[in-house]
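Okay, here we've got a single chain as structure tokens, the form predicted on its own, with questions on binding and movement later.
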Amino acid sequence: MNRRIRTITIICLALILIASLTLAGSLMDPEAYAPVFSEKNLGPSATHLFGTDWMGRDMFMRTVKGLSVSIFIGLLASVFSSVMALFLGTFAGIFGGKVSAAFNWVVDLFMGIPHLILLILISILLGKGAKGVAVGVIVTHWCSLGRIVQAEILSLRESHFVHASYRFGHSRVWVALHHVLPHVIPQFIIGMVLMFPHAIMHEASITFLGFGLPAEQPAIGIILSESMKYLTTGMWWLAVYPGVALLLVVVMFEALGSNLRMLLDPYNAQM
């Protein structure tokens, strides 16, 4: 199996697993993770793969539901944040000068503030919940991709075909749409995919700290936060299995992004 086939196989497997997990959580009946007090505090078994909690809720079902919520928020935030990065980076790269300087100043400002602190402040400002988390991730995660897009466009501005297009009387907007954007789309797609794990981890982090999703909603951050209170009683499965599941989802997204980058790279694509 050559590198190209192996890369495509990994991408397909990662997409299938992520899509299956998201679909399973979205279509899950709330009764599947509802409290059953007669089955509380049970360890992992064939009936309850991840055990049950202090209310008798099936932790495997709660984890699947929580991961689907995190993936959905991560997807929403990553798409909007990537589009924001593409627009601002393209605008700054095409016009250059003071526009580019202002863009770099804004990027330095956002990157100079720790993500988690800025996320918490935005989430609190918007009343927490899914809206606060999503907007917080959108606002804080566009900077790196925006700078990559800007750098790519600044190098393309000196290309002969761009200068020739200007000589034919085309505007900067026309050149950006027809010549520049097609060249940065691969970087945009890869950046958007690689933004997923960061978005998911930050959503889980601020929810764990109590500044994200509400406690009644099954989410990985809520599950891990609640489980901390019961670790000293020996109920280790409440934190270990959901934590490992979150880690595996992040690794799947990392594998998807890395292999997608290899596939879209002109050199590696021919290997």
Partner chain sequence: MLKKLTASVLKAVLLLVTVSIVTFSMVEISPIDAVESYVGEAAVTAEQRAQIEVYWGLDEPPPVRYVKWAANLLRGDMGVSMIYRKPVIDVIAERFQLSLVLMAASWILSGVIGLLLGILMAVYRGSVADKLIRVYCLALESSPAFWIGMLLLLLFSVKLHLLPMGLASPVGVPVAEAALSDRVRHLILPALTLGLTGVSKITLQTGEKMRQVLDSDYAMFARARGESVWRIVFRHGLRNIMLPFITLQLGSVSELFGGSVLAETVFTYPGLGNATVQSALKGDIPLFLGITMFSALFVFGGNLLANILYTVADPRIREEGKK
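Numbering follows the first chain given and starts at 1. For clarity, every value in this text was computed on a predicted model and none was experimentally measured.
This next part talks about the form predicted in complex with its partner chain, which is not shown.
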{"query": "Residue among A102, L116, L181, I148 with a heavy atom within 4.5 Å of its partner chain in the predicted bound form", "finding": "L116"}
{"query": "Heavy atom within 4.5 Å of its partner chain in the predicted bound form - residue from L88, I190, I71, M201", "finding": "M201"}
{"query": "Segment that reaches its partner chain in the predicted bound form - one of 150-158, 88-96, 173-181, 104-112, heavy atoms within 4.5 Å", "finding": "104-112"}
{"query": "4.5 Å heavy atom contact, V250 to its partner chain in the predicted bound form", "finding": "yes"}
{"query": "Touches its partner chain in the predicted bound form: S38 (any heavy atom, 4.5 Å)", "finding": "no"}
{"query": "4.5 Å heavy atom contact, A134 and its partner chain in the predicted bound form", "finding": "no"}
{"query": "Contact of G169 with its partner chain in the predicted bound form (heavy atom, 4.5 Å)", "finding": "no"}
{"query": "Its partner chain in the predicted bound form reached by all of V83, H141 and S144, non-hydrogen atom within 4.5 Å", "finding": "no"}
{"query": "Those residues of 120-145 which, in the predicted bound form, come within 4.5 Å of its partner chain by heavy atom", "finding": "I120, L121, I122, I124, L125, G127, K128"}
